[in-house]
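One chain comes next, on its own, written as C-alpha cells: the form predicted alone.
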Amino acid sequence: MGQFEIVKDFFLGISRSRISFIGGMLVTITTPFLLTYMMADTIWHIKNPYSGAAVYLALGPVFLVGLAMIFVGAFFFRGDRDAHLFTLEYMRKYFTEPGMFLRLRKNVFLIVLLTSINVAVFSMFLYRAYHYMESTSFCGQFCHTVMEPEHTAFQNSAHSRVACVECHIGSGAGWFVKSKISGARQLLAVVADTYPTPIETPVHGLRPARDTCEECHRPELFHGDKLRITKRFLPDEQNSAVHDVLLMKIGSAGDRAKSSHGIHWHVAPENKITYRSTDHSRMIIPEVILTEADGTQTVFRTPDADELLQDTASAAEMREMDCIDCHNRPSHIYLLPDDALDLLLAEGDIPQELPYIKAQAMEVITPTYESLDQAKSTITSKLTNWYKENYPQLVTEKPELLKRAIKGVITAYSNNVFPEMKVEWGTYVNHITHGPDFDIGCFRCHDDMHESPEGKTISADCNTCHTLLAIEEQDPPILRTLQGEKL
C-alpha cells in the first residue's frame, strides 16, 4: 500500500470517529495560536501574566487533549463502536488477529511522522510553560489581589531583580516539587476564595538560608563596621531635616577575621545558637541555647519559660538560628508610616517646602480605610481642604506643590497598606529593625530577661550592635566631620 493510501486510511479513520474529529478540531484551532505565542514569547519575552496563563495554562492543555483524542478515536472508537468497547479484550484483537494488526501496521509510518512533529511542539510548549510558571510576573501578578502586597513590596526592595523562585524554591528537584504542590494548593484556595487575609508569612515553609541567601551572600566574609546615615523629617512647619548617624558593628562570622564578633557573630561556625519559640511567627522566644566550639552549652531562659513552654506544641521544635531569623523580610519589606513618609520626602516625591506636610500626611495615612479608592479620595480631599484653608495663597501660586504632595502621600500609603487584603501598618514585622510601636526585632532575645543559671544575661545594651553617633540632630558635628567640613 502506498504512502498516499496510508494517509488516506488514517484520515478516514479520524473522519469516522466523533472523538477524533473533535480532537482534530481542537488541535487545528489551538495550534496556530500556540505556536505564534510561543515564538513571540521566545523572541520578545512577553511579560503579561494573563496572556501567558491563557496560552500555557489553557490553550496548551486543550492542544494536548486534542492530540490524545485524535489517536484514541482513530484506532479504538471508529464508526458505531462505542466507548464501552475500549477494553483489554478489544485492544488484544489488534495484536492477535492478522487483519486488524495489518491495519494497525499500515499507519505506523504516519504515526511516527506526526508524533515527531507533536513531540517538537510539545517540548517547546513544556519549556516555555516551565519558564512562564517560574517567572516573577506569574508569581506576583497572576493572582493579582492576593499577591499584590508582596509583589509591590518586592518591586521596592533591593532584591527586585532576583526572581522569586531563586529564594522561594532554589535549586534541586525536591524543593521544586514541594513548591509546585504548595502552589497548586494555593491556586485552589484562590479559585475557591478560601485564602487567608492577610496572607501568612511562610515562616516554616521557607528553605534554609544556607541553600538560598548564602548562594549570593557569605556571612563569614563580612567584617568591620558600617556607617549608616539616615535622613528624617520632623512634623514642624519647615519639615526640618534631621539625621541619625549610627556605626553598625557588622563584625564577622569568622573565616578571614581572627574571631567572630559583632552582629554576624550569631551565625559563626563556632557559635551554634538554637532556640525554642511558643508561637508560629517565632515572636516569643523563652529559651535560647548557645553551644560553643568546645561543646560548652549556656542556656538562657526567661522567668516564665517553664510556663510558656509547658503547653505549647511548637515548643518541641528546636531551631538553629540562621540569616532568616533576623533578615526575615529581605524582599518584602513594609515600612511604618513615619519611615514611608521620610523616604519620599528625602527622594523629593513629597515636596519638603510645603509647610507641615509631614504632620498632615501622618494624620491622613494612619486611619483605617475600607479600600484603596476610599483612602485615595480621603487623602486627596483632606489635604486639599487643609491647605486651602490654612495656606490659600500658596495653593493659588504653587498648585503643583500640593498636587505632587498628594501623589507622594498616596504612594507612601499604597506601597505599604492594602485594605482588600487586610494588610495595615505594622501587619508584617521586620526583625532587622526595632521600635516602640510594632517591631521588636532584636528584643525578642536581647531584653536582659533571658538569664542563664550562672547569672549571665543576653544584653539589651544598644552599643552591643551599634554605636549611636547622632540621633535626630539637624546638624550633627560627626556628619560634618565625615564630610570633611571644619567645625
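Model, not experiment: these values are computed from the prediction. Note that residue numbering follows the sequence shown and begins at 1.
Omitted from view is the form predicted together with a small molecule, to which the following refers.
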> T28: heavy atom within 4.5 Å of the small molecule in the predicted complex?
Replying inline: no
> Could you tell me if T201 has a non-hydrogen atom within 4.5 Å of the small molecule in the predicted complex?
Replying inline: yes
> How about S277: is it within 4.5 Å of the small molecule in the predicted complex, going by heavy atoms?
Replying inline: no
>> Taking the small molecule as it sits in the predicted complex, is P351 near enough to touch it, meaning that at least one heavy atom pair lies within 4.5 angstroms?
In response: no
> Just one of 114 to 122, 379 to 387, 392 to 400, 137 to 145 has heavy atoms within 4.5 Å of the small molecule in the predicted complex; which?
Replying inline: 137 to 145
> With the small molecule left out of view, which of H159, R301, R404, R128 would have a heavy atom within 4.5 Å of it in the predicted complex?
Replying inline: H159
> Looking in the predicted complex, is the small molecule within 4.5 angstroms of a heavy atom from every one of C167, C216 and L246?
Replying inline: yes
